[in-house]
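Shown here is one chain on its own, the form predicted alone, set out as structure tokens.
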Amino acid sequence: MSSPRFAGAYHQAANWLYQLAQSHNGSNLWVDINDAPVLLIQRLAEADHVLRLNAANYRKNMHWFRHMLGPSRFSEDGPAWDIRRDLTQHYLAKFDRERTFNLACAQAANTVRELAGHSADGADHLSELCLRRLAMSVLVENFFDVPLNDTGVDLEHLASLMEFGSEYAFTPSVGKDILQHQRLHLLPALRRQIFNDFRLFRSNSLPPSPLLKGLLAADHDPSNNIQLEHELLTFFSAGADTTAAAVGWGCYLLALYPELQQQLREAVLPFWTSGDLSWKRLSQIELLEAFVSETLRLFPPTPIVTRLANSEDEIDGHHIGPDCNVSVSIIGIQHDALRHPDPWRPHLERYRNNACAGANVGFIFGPRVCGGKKFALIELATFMAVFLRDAELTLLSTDQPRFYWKSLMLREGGQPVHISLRH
């Protein structure tokens, strides 16, 4: 039997992964991706082997993405990754939770009103730009002490660059350029524009945030090959866009399951009327935590992780040679019917004790776990709590989602959700 083959447009990759999660549920299998053999992992045990237990044998396969965005914590491996982790992880782990919560509350309330205005004007889907601005605003003000609107950063430029990265990210390294890009001549000018957008961060006019001071100091040290703009791209794109995508999918689930929306609203309303509006108290609402986790399980913003083997190994009876392509399907793992009976629907009661719950696997795991996981989970829970308080979400189309991968997993055509303000 021939291996399943992917040779379509890069943005259709997530649709293919969902098809494999259905047709080969809970199975690891060899696939053909753009003429390269790849062992696709769809089970948690083997993913744990690649990403955690034997992670030293599996280096990141981010050559193409690095070519688009430049070297950063997102793309590097080995000592280059260690340097960048040490530079930023303290801030990603030790941030002020209550400040983040307060920023997220204020920005989410503004976004709900903006989206409701769009719906009232006849919009048939949620604005991805609004959701990106929501997530980016909280991230930038939290870590750089400046409102997003004051930075001069154009979110559309960043989205375009991430799309370029997506075109390369699903291409295994096989020693030859197997992609034909008709738009690559646009890339240099786009990168220059984004670097120009970041010029404020090199000026002396921003507040002296500790993170920015550290990034600038590293940028001025010629020994470590760190460039400020490349690190900012990680924060502004990889950090915020994944959160924005997850918010969109959360809104879709609330609209798709009105009874779940009502159940969650009843769970969060006592918090808003309690007089104790703090992250510490919001984090104790288990149903909200479960909903965020199930959103990340059903629709992981990052659907696949690509690796290259350094030396020989064996995975589930499959021989792995040096430089063999191994990819972990987050979609496949999180829809494994042995771990999630009826895996295509949300099941809030099963999230906590399930090893492949969305909050556990959606941010990857092992030594290269997403550094912003804790920050993102606080944002997501707070955003959803505000949406549940302020908005009624109604589904405008019952069509099954088609996925559009743009370095994160979006819905083709946008989320068909109508937002109206509650009174």
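Everything quoted here is computed from the prediction, not taken from an experiment. Residues carry their position along the shown sequence, with the first being 1.
Another form, the form predicted in complex with a small molecule, is not on view; read the next lines as being about it.
Chemist: Which pick from 252, 164, 351, 74 sits with a heavy atom within 4.5 Å of the small molecule in the model of the complex?
Modeler: So the residue touching the small molecule in the model of the complex, by this definition, is 74.
Chemist: Exactly one residue in 370, 359, 29, 36 has a non-hydrogen atom within 4.5 Å of the small molecule in the model of the complex; which is it?
Modeler: Only one option qualifies, and that one is 370.
Chemist: Quick check on residue 248: any heavy atom within 4.5 Å of the small molecule in the model of the complex?
Modeler: Contact with the small molecule, no.
Chemist: Quick one: is residue 143 in contact with the small molecule in the model of the complex, heavy atoms, 4.5 Å cut-off?
Modeler: Judged by the heavy-atom cut-off of 4.5 Å, residue 143 is in contact with the small molecule in the model of the complex.
Chemist: In the model of the complex, is there a heavy atom of the small molecule that lies within 4.5 Å of any heavy atom of residue 296, even though the partner is absent here?
Modeler: Output for residue 296 is yes: heavy atoms within 4.5 Å of the small molecule.
Chemist: With a 4.5 Å heavy atom cut-off, would you call residue 305 a contact of the small molecule in the model of the complex?
Modeler: Residue 305 belongs to the contact set for the small molecule.
Chemist: Using a 4.5 Å heavy atom cut-off, indicate which stretch of 74-82, 150-158, 272-280, 212-220 touches the small molecule in the model of the complex.
Modeler: The contacting stretch here is 74-82.
Chemist: So, a 4.5 angstroms cut-off on heavy atom distances: do all three of 123, 131 and 416 pass it with respect to the small molecule in the model of the complex?
Modeler: No, none of 123, 131 and 416 comes within 4.5 Å of the small molecule in the model of the complex.
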